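Take a look at this single chain, the form predicted on its own, given in structure tokens.
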Amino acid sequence: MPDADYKQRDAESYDDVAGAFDDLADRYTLPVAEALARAVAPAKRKLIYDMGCGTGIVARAAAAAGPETKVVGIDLSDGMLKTARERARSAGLDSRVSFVKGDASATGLPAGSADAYVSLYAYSHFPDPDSAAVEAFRMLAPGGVIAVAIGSGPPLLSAAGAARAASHATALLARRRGLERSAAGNLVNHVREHLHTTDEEMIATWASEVRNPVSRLKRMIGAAGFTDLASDWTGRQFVIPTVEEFWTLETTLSTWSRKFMARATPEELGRLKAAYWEDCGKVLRQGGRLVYRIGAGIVTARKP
């Protein structure tokens, strides 16, 4: 699929779920969004670009942390941008936070116009993330900083990595015994079982193939010309109390599943949902749990 078509379809897949996405972001993504905003020291910045801003959770966090800071959020989804503007207005931030429709690889914004650039989870949606990193370099003034977060597990040689490894076997056994289901792979499994799926690119190819997304992200940012590269990790685990909330979370956040579900007939969707609810309901009836693990590697760098 040509990159332009992929980008447009990916953006449109978010239009109808923007409200649910925004609610879920507030409940589960806020700690990561705040960590990303802190990574560029927003109080020291005059203008921050938030690439792939979604409903503006990072833009609002950055503006709240820097009283004189202005933030411009950039996204391709009309639905996300509409919700982002409404949220900024309701938070009283619309004088300092604005949103524009734009492509990460060719924004049309002035060169050297910002002193910070952030992006939360968006790079895994870009079919050509290298060109987005080059565009970020162009947009930033000398001395400007970049912070890009991408979904990942914790580094293996870290306290969080050791804890994740220790809990992995327990979680795997629980899943095999029917005592745990985890987002968003749980919905992916149901979609594969109950809907007709293809090899068509529903997520960016590079993101589905790379084994260490943080290392790949650091290489592309360095290749774009940035220096002083560093990385950090932040993450949380949530236990979701009801099947209804788990269904909303997975159908909103699983881009791959959402795109195939959009093609399904009402009858196919009915069978999928019935099987999903029975499976997850059985887990809860047996004393198990529905889990959402969120984690992000945050790569930071500076434009010389």
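Each residue number is its position in the shown sequence, starting from 1. Here the structure is a predicted model, which means the values were calculated and not measured.
There is another form of this protein, the form predicted in complex with a small molecule, and it is not shown here; the text below is about that form.
Screening 238 to 246, 49 to 57, 260 to 268, 63 to 71 for residues having heavy atoms within 4.5 Å of the small molecule in the predicted complex returns a single hit, 49 to 57. The closest heavy atom approach of V17 to the small molecule in the predicted complex falls outside 4.5 Å.
Contact annotation: K7 falls within 4.5 Å of the small molecule in the predicted complex, judged by heavy atom distances.
Under a 4.5 angstroms non-hydrogen atom cutoff, the small molecule in the predicted complex has D103 among its neighbouring residues. Residue contact with the small molecule in the predicted complex: S77 places a heavy atom within 4.5 Å of it. Put simply, of R96, H125, R87, R216 only one has a heavy atom within 4.5 Å of the small molecule in the predicted complex, and it is H125. Proximity to the small molecule in the predicted complex, defined as a heavy atom within 4.5 Å, holds among A133, I146, L187, L120 only for L120.
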